[in-house]
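In structure tokens, one chain follows: the form predicted alone.
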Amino acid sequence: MNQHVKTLSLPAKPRDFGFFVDGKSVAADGREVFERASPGHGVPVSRVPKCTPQDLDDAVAAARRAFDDRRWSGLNGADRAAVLLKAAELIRERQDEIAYWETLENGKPISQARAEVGGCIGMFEYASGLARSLHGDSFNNLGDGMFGIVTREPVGVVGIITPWNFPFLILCERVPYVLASGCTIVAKPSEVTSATTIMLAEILSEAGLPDGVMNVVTGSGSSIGQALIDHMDVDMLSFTGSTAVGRHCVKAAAGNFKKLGLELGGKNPQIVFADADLEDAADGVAFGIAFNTGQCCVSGSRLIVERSVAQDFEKMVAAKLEKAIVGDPLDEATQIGAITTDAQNATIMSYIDKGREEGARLISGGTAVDVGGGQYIAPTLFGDVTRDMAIARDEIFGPVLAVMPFDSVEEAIEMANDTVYGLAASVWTKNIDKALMVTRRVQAGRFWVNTTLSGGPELPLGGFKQSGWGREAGKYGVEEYTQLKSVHIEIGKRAHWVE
């Protein structure tokens, strides 16, 4: 284990990472290098190469060779499962190291990072079973002269573009399922959080994954990311990020009609009824907006609360948020860490200013927090929010919660659906009929009842409306990376067309 992991001190100097192509780590050599400063501390912690277009072409070519020669897709499910299980074991061994670098580059609390890596172990273990159980169908009802089967085949070379908010978790919600299907991968992490993606490629290689099956290119989204989206030899693209960039993916997919999996933006409602356990709900609502400093596509940023309890409930949520510990991400006691990028920090503060300007009532937070280095924002709660305000409509991607009261179940549902997004939602009530009604009628790909932001590898992830296409994780997450083939088998002597 790295000494820095034990002491949770900052590295003495930035660590150099290479990118990963055809089973080998490639050093920067003469390439430009991106140096990442820890958002929680303001000091350089890592350096990654800025890959060239040729580097990307080499990575895609390696993935194509590995797919076409069937070194991975041609293995039986048990052999693929063995590699995924070994990878899970190696991630467990390196859990603290991975969490440490995730925290350094992202700014999230170390305790949260460690828990996320633990969840990723479960993703690999669950996907290993899916590698063995993936199957098609058969049709024995076509008459005595015909038998039909439907097979699931891997789609091919998959490009995976991941964001900076959950670099390792979002990657692991995809990679083991893609591999279970038999596909090969070219991954492009965010430029500011590349370390743990490179670590995963090394782990998979050590676990026995054949060369070329998992490749990682590093660099900016505007250059290398866009080139991966456009690449004509990529069969499917999984993109996680903003809805705006998702639209670019849709346009680029027309080039070779590549299949797309898109997990995009969200403006997610947390609906609280007066008959809920309000203490539990207040804690859940606070967690739902402050987890990962609100830099979470499924964070609950709209609090839709029954008017009869709204005034008291907003005070309960404010009390929770004010007690949450904002601090050094490397401190085990920290609950809310740093804002990951300078640009995001500026965006969040600009929305807080807009909230004030548009007439919302600032209940708590709304300021930067000085913890002796890095960039931090106090979790912020606004009351008297109307649906036309920017803080009620736009995905802020920060710890800013807008409170809006309702008077009836119908109004709560209508308010929840009054958004272009449909990624996630929560409802808090002890009335099962009400909970089921809301669950059925609110448009969201993920739904929580009397909890929020919980889950595991078994259930799929994805959104409705402008929150994306397709599903990740669960058995659906493996099927997403397959295509169906219908096979008709004639039995016996053919009835001749020409006598």
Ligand code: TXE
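Just so it is clear, the structure is predicted and the values come from calculations on it, not from any experiment. Numbers follow the displayed sequence, beginning with 1.
Below, we turn to the form predicted together with the named molecule, even though it does not appear here.
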**Candidate stretches 243-251, 110-118, 359-367, 196-204 - the one whose heavy atoms come within 4.5 Å of the named molecule in the predicted bound form** = 243-251
**the named molecule: the contacting residue among 189, 288, 159, 329 in the predicted bound form [heavy atom, 4.5 Å]** = 189
**Message:** Using a 4.5 Å heavy atom cut-off, which residue among 406, 164, 72, 126 comes into contact with the named molecule in the predicted bound form?
**Reply:** 164
**Prompt:** Taking heavy atoms only, is residue 222 within 4.5 angstroms of the named molecule in the predicted bound form?
**Reply:** yes
**Request:** Flag residue 306 as yes or no: does it have a non-hydrogen atom within 4.5 angstroms of any non-hydrogen atom of the named molecule in the predicted bound form?
**Result:** no
**Asked** Quick one: does residue 419 come within 4.5 Å of the named molecule in the predicted bound form, counting heavy atoms only?
**Response** no
**Contact of residue 229 with the named molecule in the predicted bound form (heavy atom, 4.5 Å)** = yes
**Asked** Taking heavy atoms and a 4.5 Å limit, what residues of 64-80 are near the named molecule in the predicted bound form?
**Response** none
